[in-house]
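Only one chain is given next, in structure tokens, and it is the form predicted alone.
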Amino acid sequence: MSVHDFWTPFSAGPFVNSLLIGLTLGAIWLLAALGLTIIYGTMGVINMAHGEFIMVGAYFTFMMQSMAGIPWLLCLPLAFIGVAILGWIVERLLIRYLYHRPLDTLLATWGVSLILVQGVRLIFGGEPQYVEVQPAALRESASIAFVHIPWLRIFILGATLALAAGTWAILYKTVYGVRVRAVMQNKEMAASFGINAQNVYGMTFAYGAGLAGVAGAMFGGLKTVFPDMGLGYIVEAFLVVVTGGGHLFGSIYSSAILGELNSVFSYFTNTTFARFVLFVLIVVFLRFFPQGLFPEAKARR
């Protein structure tokens, strides 16, 4: 392979287009990481089943479309509710007994992920399924001069920003958010004021799982749906959360930065080499800043 085959010369138009694609890629990663950010940042739980919650959201959407004929846009809130209920059940039956035992929680959620994958494979089979995106205009591309971006990616970008803003409003502008932050900072002191930490944890885990369900419903429109699809998103989600320090704003910043870096490196080289360079940069960053962009989020009891 020659240098010219490996290295793409700079051209203003395609480069700007790659930057815009990087924003939409960052939005996809942020959407995958939002629920994980809430669960890890608030509860300190490393949820290895988060990718499978995304997968369940995609299959839930497929099932609603194929069995009930529900439009794709309406499937988004339904996927949130369905996967949130699943998350609440998992927290009530399993996670609540493993707090302050990070290794046990990691192994338990990994076991949940295996159960979900095999359960979906038994019910739907291993062949890929397809989610129909509606309205049809979302399947087309927006073209302005040299910029060409699918409308679905633009929709995901807008929806992700709306979900992030809504999550911020819940955490910082509601009574429930005050309770969540109180439990996160000092569980014992919060309990002395009558806050039930177990209920807060249960609702928080359910909310994070619901966000994963919405992500799965959207991702189903981007790619095919299959039982192992969660593995393709969980790595990026963890990278976004860890780099951001387990903080909501940290995840927003880190997803934008990582998405742009990946897109730029992909433009000049190729996707495989870009992913390699990105992982190396993340390792170097965490070597010098192990607590991420927002280390104050680690102040948890």
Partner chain sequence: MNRTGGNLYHNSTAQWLAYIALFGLLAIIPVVGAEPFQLRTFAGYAVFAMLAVSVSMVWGFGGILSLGQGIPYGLAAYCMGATMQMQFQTPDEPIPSFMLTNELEELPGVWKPFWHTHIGLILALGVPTLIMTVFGILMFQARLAGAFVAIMTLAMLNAFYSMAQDLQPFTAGFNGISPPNAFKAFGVEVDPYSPMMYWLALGVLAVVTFASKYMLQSKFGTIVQASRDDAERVRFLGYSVAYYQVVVFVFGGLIASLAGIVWVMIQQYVSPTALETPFSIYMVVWAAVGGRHSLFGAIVAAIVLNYLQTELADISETWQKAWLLILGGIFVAVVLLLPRGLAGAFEYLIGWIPFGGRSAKPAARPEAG
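Positions refer to the first chain, counted from 1. Nothing here was measured: the structure is a model prediction, and the numbers come from that model.
The next section is about a form of this same protein that is not shown, the form predicted together with its partner chain.
The three residues Arg101, Val235 and Phe279 all sit with a heavy atom within 4.5 Å of its partner chain in the predicted complex. Contact with its partner chain in the predicted complex, defined as any heavy atom within 4.5 Å, is confined among 260 to 268, 64 to 72, 43 to 51, 24 to 32 to 43 to 51. Of the residues given (Arg121, Arg139, His148, Lys223), Arg121 alone sits with a heavy atom within 4.5 Å of its partner chain in the predicted complex. Though its partner chain is absent from this view, in the predicted complex it lies within 4.5 Å of a heavy atom of just one residue from Ile89, Ala159, Ala169, Leu106, which is Leu106. Interface membership of Val112, defined by any non-hydrogen atom within 4.5 Å of its partner chain in the predicted complex, is confirmed. Proximity of Ile81 to its partner chain in the predicted complex falls outside the 4.5 Å heavy atom cutoff.
Contact between Leu286 and its partner chain in the predicted complex is found at the 4.5 Å heavy atom cutoff. Its partner chain in the predicted complex comes within 4.5 Å of no heavy atom belonging to Leu248.
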